[in-house]
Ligand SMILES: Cc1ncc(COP(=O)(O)O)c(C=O)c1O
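There is one chain below, alone, in structure tokens, taken in the form predicted on its own.
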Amino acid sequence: MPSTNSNRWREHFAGVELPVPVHGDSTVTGINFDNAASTPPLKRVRDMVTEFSDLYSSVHRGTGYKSRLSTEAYEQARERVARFLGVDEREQVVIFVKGTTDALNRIAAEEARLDGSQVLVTEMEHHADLLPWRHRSGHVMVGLTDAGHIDLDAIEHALKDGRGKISLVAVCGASNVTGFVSPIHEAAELAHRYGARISVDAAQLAPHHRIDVRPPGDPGHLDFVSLSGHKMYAPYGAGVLVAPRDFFSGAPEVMGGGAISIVTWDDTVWADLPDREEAGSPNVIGAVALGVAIETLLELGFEEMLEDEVRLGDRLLKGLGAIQGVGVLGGTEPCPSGRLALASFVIDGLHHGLVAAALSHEWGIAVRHGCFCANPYVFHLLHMSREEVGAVEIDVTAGRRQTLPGAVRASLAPYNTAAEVDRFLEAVNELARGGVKSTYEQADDGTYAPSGGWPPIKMAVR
């Protein structure tokens, strides 16, 4: 297998050389393959947060030096986001939110005001891109191909059947389970053809793939884009919602200071966008951190970084596919629209929680296991029948989570290396051959831990 060296990016990321305790009272340099859940900060972002803390003040309307400086930095971050995504700010607005979940719930709250409208979703969606529509706006769910890809024919069929009632098509930009990249612009063309808009959950896509919302007149234009800073090497609590300016009408979902022009005894006049949708004191440091992360990625060579990451992902997928007894969800073949450096897999005869615990305790490798907040998609990929899912639901409802199916996910970032991938593959191969070294106990919540407990955590922060 050809060598893939990502070390040139590694020095720019914080905390990637951390010693972690493992079985046998020893330590190893930890491997973080849990980047799809959250990413470490870029060192430049981390250092900026420390420096900016001395300059921070409340933004907007303040006349003090620090307030004016913070306001400028906050609005500069908004401009960086707009340029990064290709947003025309005359037609769309960039709103700072807590994260992708917050952004999608805000869209759903506004959609709920459209009487009789429905939102089309796919089985691939993360719960954050499913539950807000199901429990607030109302939704139509379409299936996927057998391999777990977005089915554009199914989307078009549902739009035709909707006869104009579907006002929004909600799709993830990339799956956090398989890494499949969705054909978002093709889906946008279908949505617009049938009088709907498109919302892209870009939480997984934005850190690993360039996104261009395209001009509003383009049939493939993206109406809504949501993303999170904590998945883009700026884990400081800020996210982004890009939305059409004409989408928001009436009172905002979140009300408070900064969202108004004037409040009288009898009336409220709401402020213009984006202020109307950013009530309260915003997360200035988080927004500035996200802007600096974007600027840093571009300066480092984002496109080249992504190419290296994809090559590393190919190494991961091919290596897993070659291990007997290992099954990769969605297979190991390339996705027509692209695939992120991510793989979810199962090992014959081993519970996913046990595999994750052994990788951590015995090898110092951090992964994630379970259904990754995408239950319907994982059930689809595991080829579970409705009857089988119903039986699991009964168990889980009764507090017996041990039977909840799932997989183990390894997700890469630019700072990961070929040597780390190879060490991971060695570990998976060993486990698949029955080489679990320690003993483990399963808790009521379905997770596993070493029988003697995890090694003590030594906190450097007080």
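Predicted model only: the values in this text are computed from it and were never measured. Note that residue numbering follows the sequence shown and begins at 1.
This next part talks about the form predicted in complex with this ligand, which is not shown.
Here the chain stands alone, but in the predicted complex its contact with this ligand, taken as any heavy atom within 4.5 Å, falls in 95-103 among 356-364, 388-396, 74-82, 95-103.
Screening L120, A203, L241, V292 for any heavy atom within 4.5 Å of this ligand in the predicted complex leaves a single hit, A203.
For the options K231, H208, H352, R339, the one in contact with this ligand in the predicted complex, meaning a heavy atom within 4.5 Å, is K231.
Contact annotation for N176: at least one heavy atom lies within 4.5 Å of this ligand in the predicted complex. Although the partner is absent here, L144 sits far enough away that none of its heavy atoms falls within 4.5 Å of this ligand in the predicted complex. Shown alone here, A36 lies within 4.5 Å of this ligand in the predicted complex, counting heavy atoms only. Looking at L312, you'd find every heavy atom of it more than 4.5 angstroms from this ligand in the predicted complex. Shown here without this ligand, the chain has H126, A128 in 107-143 lying with a heavy atom within 4.5 Å of that partner in the predicted complex.
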